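Here's a solo chain for you in structure tokens, the form predicted alone.
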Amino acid sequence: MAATSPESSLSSFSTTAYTPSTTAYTPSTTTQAISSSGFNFPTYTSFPPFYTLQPNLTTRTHQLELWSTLISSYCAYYRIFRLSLSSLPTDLFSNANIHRSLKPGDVRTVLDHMSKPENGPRIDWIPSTTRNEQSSSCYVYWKTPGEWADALHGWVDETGQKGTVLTVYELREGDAVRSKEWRDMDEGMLRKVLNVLVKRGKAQIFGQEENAGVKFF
């Protein structure tokens, strides 16, 4: 029987389709491995070629889409708002059971793919504080800034806080938001969300840092 090439196997591997959109990702319903804390890894993560970027462009495009879906679903499950290349979740980019892992350079390639406007974008590289240094961390948009803005403004409306000034700290860590998905969101990402509301004319920001005030309309 003729051997099946890694590329053809990967390109034909059955999985939930990925479609870039403005809505949040939903984890794949086809799963195999379950992490110790409960995340269901899709079956394609047990396939060795998945951890090597394929040279064929069609196959690679499909592969990058699978990685995009996995990263978004994983971060949504664990409520991860920011990834750093220096401290990535070990089980996200490797599979100890098959002794495979995605190379650091290929991780950046995957994230670059997710950062393209035509693919969401699903991540946003955070500019480095060092001049001429490549960014090494990014925000992960398992919900878009617009979706987070809708959720935040909806909560303000429901709780009767329009016209009230709330601090960035209260919006991230206050007792009133403990049950909300955006709790403990990275401050830089929350400011991007708030800027969406500012552009919509639904919020105004006063001051800087966590003590900055936000008035909602």
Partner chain sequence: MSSTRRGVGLNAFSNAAISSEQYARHGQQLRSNHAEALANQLSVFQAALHNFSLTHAKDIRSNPNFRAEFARMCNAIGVDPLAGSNVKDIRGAGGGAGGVWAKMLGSSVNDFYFELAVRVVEVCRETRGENGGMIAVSDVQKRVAKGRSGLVGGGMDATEDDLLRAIESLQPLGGMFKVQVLGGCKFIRSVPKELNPDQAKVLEVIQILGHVTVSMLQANLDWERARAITVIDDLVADSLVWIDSQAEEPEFWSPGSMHEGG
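Please read these numbers as outputs of a predicted model, since none were measured by experiment. Residue numbers count along the first chain shown, from 1.
Keep in mind that the form predicted in complex with the partner chain is not shown, yet the notes after this line are about it.
The shortest heavy atom separation between R79 and the partner chain in the predicted complex exceeds 4.5 Å. A residue is said to contact a partner when one of its heavy atoms sits within 4.5 Å of a partner heavy atom; K116 fails this definition for the partner chain in the predicted complex, lying far away.
Although the partner is absent here, T167 lies well away from the partner chain in the predicted complex, with no heavy atom inside 4.5 Å.
Within 4.5 Å of any heavy atom of the partner chain in the predicted complex lies no heavy atom of W155. Only one of 168-176, 185-193, 145-153, 50-58 lies within 4.5 Å of the partner chain in the predicted complex by heavy atoms, and it is 50-58. For the three marked residues, Y44, Q63 and H99, a heavy atom of each sits within 4.5 Å of the partner chain in the predicted complex.
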